[in-house]
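Shown next are two forms of a single protein chain, provided one at a time as structure tokens under the names structure 1 and structure 2.
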Structure 1
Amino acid sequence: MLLLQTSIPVPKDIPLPFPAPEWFLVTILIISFLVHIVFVNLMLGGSLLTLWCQIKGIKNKEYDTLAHEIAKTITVNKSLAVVMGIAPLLTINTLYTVFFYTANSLTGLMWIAIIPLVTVAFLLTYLHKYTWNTFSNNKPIHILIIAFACIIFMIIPLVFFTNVNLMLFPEKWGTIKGFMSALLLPNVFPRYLHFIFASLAVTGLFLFWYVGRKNYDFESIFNQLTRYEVKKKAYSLVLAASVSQFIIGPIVLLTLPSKGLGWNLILVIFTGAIISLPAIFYMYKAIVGKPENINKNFKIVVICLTITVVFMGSGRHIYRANTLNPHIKMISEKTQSFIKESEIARQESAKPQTAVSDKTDSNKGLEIFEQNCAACHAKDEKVVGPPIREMQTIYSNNPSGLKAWIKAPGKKREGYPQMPAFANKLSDSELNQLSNYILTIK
């Protein structure tokens, strides 16, 4: 804990109670996020599948028709993804306020850009959906519209995964210089790839159900493709994506920093993976089996994969808890210390003042230090810059040297950011008072 504390700045939290028990908020977070991510999967997977079918439909009109049928579902799933995303966003903000907002601020512009990106992507999907007949004789333009929507839909979760990954590692915050450096942290791309294949698997399963409904008049829509052929292709997509997860999943685990790994996480992840095996087996049997058996065991497939998703979502939270609990404890201690010091300060200020004379140089030095230096320097530990004890060791009996450094600092330590110059902010007298104060702190 001491090593962790000396390597990162420890902020204080907002001392407000949770609006509900923590276990309840965690439950809401896990469940609501899983519901949200399913519709995000359908939105992205549906867009990618529409693009693929429409390109294939240039030579085979039946696939263009299939692309149209899938495209009809994208805007609906998109709207549900947005609505279902409110609950997890609010709960993660409530449970992990300091961590989530810090990650957002460090990635800055890209996080804010999610709003216009989502707006543009949604407009493109509506434009694509309602201009199908308009561009019937100009398919390249129509395909380009859904292609741009797909690109944006793929960028948005990448930004989200980058932020969520960054919030787990406060010890990395001091090294982050915008979105691109956060993007290159370990585990971002493996998790993103895992999400892409999950989107294809969920969309394939959805398509199998969608075209298989009794009230879906398949035969009046398609002339050559059969219901069995589309179901078989949908199952093949689910199977391929699910098997790929057995390759990507271990890569995700191996790229996770070890500080959040534990037997509880390993047990949950491997249990979820094992539960998916019957689904993979039944899908394979349906694909290679007789056409009349394509629907057999579909419910078992859905149940097994749903349970797997729940286990994977729970594993995500377990890793987050394992990773952030030490930091949460440190922040809690800092917050309690801040509350105690604030109370003492209020009590002192309430006492009658006996002195009305001007402040001494020491008091002025303290005031200057608190206004300009306290955010980055502590007495005995590294915050953003080096501790005061280190300054006293270097500049003992040399206040003019310390003054010169404060006035125009350079950079000589790896792992420390460049200190701003105070030549134009503090007067010569104030620099003297500040230097003398730093060297006299006991």
Structure 2
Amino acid sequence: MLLLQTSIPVPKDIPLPFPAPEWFLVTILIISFLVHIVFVNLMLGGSLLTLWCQIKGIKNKEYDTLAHEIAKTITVNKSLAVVMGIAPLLTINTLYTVFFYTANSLTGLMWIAIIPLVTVAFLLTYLHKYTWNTFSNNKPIHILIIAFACIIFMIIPLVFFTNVNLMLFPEKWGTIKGFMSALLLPNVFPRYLHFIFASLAVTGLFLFWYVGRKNYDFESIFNQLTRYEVKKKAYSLVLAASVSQFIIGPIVLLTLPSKGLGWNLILVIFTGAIISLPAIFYMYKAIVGKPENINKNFKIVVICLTITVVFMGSGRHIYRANTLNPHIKMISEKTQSFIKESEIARQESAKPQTAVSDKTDSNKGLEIFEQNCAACHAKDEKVVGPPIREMQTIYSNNPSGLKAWIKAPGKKREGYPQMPAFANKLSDSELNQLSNYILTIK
């Protein structure tokens, strides 16, 4: 097989300075992204849990109720997921302009499809939430609604991952033909799985807290299920998902192209992973322990896992910086040299052209005609407007009529477009030279 050698592009950056110091933008990016992703996790994990509970609820009514309770949180979390996404979007646009936009453009159809897809998914979640009673005798249809929403919610992160992955690899840009080929770059799927499991973990923690709130009247909502049971299940979910990350995480790391790997990255990722160990331990103890002890150490679990998430988020950024910094340096040098070249070209073109002043009137008339009229008028034949010959027959004895027309043309001929007006573009003396030229040219 022939391997086509494609080169690596060095585009120019937007030739304007950053609006704030880089460290500031980076901090905002990391923090706001994490907040955004937590709500996305809750939205996706919540939908999946709802679906699962509702299917279970066909046999056991209690789970249907639980599904309803979780479903109520989705519509709130999804609204927050969207607004919280704006800050990281804005910031990544600022920091990684050409990289991000290039990835967007190369996967453009899928990228813009996010908008209608998410809109539909949101509408489905509302439909699902507000038709709980309507479809109480028609569960399969009701479940289908949330299933569709889940499918869409599962697709969307894939599009985002494809984009943020593609932006890291300028060497691939020349080989990408549409979304599918970008999707198949190594590393997209491992990162995606990593994210899905994170969603389940985050949602489990959220559920644990949600049903445990003091003013949450658990007993009046559920008949058989107890708080303890739900909490235990929630913890089990978090535990299983977190432990799985210890398998998926290394796969993600191994499939990362090596160019961005560095000790700084490994250190941050490992520290993050280690900090999650106490959380895993306490969760395990709570699950196997006595019911009255289930709430013990919940705070520690949350704190540890939060720190883990922050480390992973920073690791993500470190990898990005490691990968892109050499390229960013080239781009900024390139941009500087372009600005210089542009400046030189501008100065050259601004130099006064010689021999303008000693042109004769008719030469000037010709020049004005060439610049303003030749696009639409020729000497002997119709182009857009009538030929000069025709002008001469109309205005041979009426130069002021000609000038008046040029300043503010009317609409005369059938099937011709409107001629533009030149009132503000030509001075009186230019108009004189022009009309002289038109009326005298042979």
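FYI, numbering is relative to structure 1, first residue = 1. Note that the rigid core is defined as the largest set of C-alphas that superpose within 1.5 Å between two forms. On a predicted model such as this, the values are computed, not experimentally measured, just so you know.
**Student:** Report the structure number, 1 or 2, for the form predicted together with heme C (HEC).
**Tutor:** The form predicted together with heme C (HEC) is the one given as structure 2; the other form is structure 1.
**Student:** Indicate whether T65 shows a C-alpha shift of 2 Å or more between structure 1 and structure 2, with the rigid core used for the fit.
**Tutor:** No, shifts by less than 2 Å.
**Student:** Quick check: F369 between structure 1 and structure 2 - does its CA shift reach 2 Å or more after fitting the rigid core?
**Tutor:** It does, since the F369 C-alpha is displaced 2 Å or more between structure 1 and structure 2 after the core fit.
**Student:** So, superposing on the core, is the move of L51 at the CA at least 2 angstroms between structure 1 and structure 2?
**Tutor:** The answer is no; the displacement is under 2 Å.
**Student:** How much does the C-alpha of S429 move between structure 1 and structure 2, in Å, when the core is lined up?
**Tutor:** Spelling it out: core superposed, C-alpha of S429 shifted, distance 39.1 Å.
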